[in-house]
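First, one chain by itself in structure tokens, the form predicted on its own.
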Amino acid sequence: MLRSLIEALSFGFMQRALWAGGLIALTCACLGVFLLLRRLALIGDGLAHVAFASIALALVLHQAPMMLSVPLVAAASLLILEISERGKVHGDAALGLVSSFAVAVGVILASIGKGFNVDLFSYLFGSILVVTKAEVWAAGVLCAAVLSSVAVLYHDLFALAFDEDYARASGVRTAVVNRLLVVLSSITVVLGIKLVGTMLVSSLIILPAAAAFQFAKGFGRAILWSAIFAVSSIVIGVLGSYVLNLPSGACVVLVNFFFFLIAFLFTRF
């Protein structure tokens, strides 16, 4: 097995997968902590449904899926926020409204363009082992943007995560911070789809942060542990999937869930 792991690490596609996966996992881990506290954990799942429709549209139009998905999913995230703030609809209901519409559109587009069903299937379940150098660089730029935003807006995000009314009264521009948070989340979801697919991308946001919250004392430590769990799950999941010849996206999610289970049991016994 050790020989197989060493062999795997010598391949360029495996190195790209680990780099891209680690960067996206780090991004998801940081955003996930704030999204869980803001009760927006399922925004990743909702935006993944929107991404499914946008990818189907791109394939129908013979355009690059990622290039079209990023602006459309970002716009959808702002629409969800706008509906929840001004439409007298709670955040989970706004997510349901937009994501159900997006799924319906995606299914119709998939039925129209029957020739691209194989390509669409790959986006449903991810294809981390075929990421390109451009996607690795995109993951790096996104990771740098998220980490920089968290560093600069740490106190604002901290206040907003726990009490939005208090944050607003304290002078935090909550509308701007909220929009920045959901836009960064939307871009993360689109890039994460290439790794684990639309069916599983929300797990990269939810599970590492949920595991960290089981025992981490302090906000900063929760972010640190979430990052450790997320990046470790990518490394173990991708290498394990190669050795065992299993789907990489599913393996990453299972490792994430295993970390959560260990953290949960550790705090109970």
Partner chain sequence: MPVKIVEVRNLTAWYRDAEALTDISLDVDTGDYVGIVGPNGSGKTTFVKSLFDLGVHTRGEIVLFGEPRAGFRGFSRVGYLPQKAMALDARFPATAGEIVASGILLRKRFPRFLSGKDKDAIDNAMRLMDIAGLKARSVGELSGGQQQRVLLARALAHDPQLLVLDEPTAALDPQSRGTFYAMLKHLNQAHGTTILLVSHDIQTVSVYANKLMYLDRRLVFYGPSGDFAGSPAMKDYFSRQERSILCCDH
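This structure is a prediction, so every number in the text was calculated from the model and none was measured. Residue numbers count along the first chain shown, from 1.
Omitted here: the form predicted in complex with its partner chain. The next part is about that form.
Triple contact flag Leu37, His155 and Asp163 to its partner chain in the predicted bound form, non-hydrogen atom at 4.5 angstroms: Checking in the predicted bound form: Leu37, His155 and Asp163 are all within 4.5 Å of its partner chain.
Distance check, Ser170 to its partner chain in the predicted bound form, heavy atom within 4.5 Å: Yes.
Proximity of Val243 to its partner chain in the predicted bound form, heavy atoms at 4.5 Å: Output for Val243 is no: heavy atoms all beyond 4.5 Å of its partner chain.
Its partner chain contact at Leu59 in the predicted bound form, heavy atom, 4.5 Å: No, Leu59 stays farther than 4.5 Å from its partner chain in the predicted bound form.
is_contact(Ala222, its partner chain) in the predicted bound form, heavy atom dist at most 4.5 Å: Yes, Ala222 sits close enough to its partner chain in the predicted bound form that at least one of its heavy atoms falls within 4.5 Å.
The unique member of Ala216, Ala41, Val235, Met66 whose heavy atoms fall within 4.5 Å of its partner chain in the predicted bound form: In short, Ala216.
Contact residue in the predicted bound form, chosen from Ala138, Val182, Ala94, Ala159 - any heavy atom within 4.5 Å of its partner chain: Checked against the cut-off, the match is Ala159.
Segment assignment from 147 to 155, 75 to 83, 95 to 103, 184 to 192: heavy atom within 4.5 Å of its partner chain in the predicted bound form: Only one stretch qualifies here: 147 to 155.
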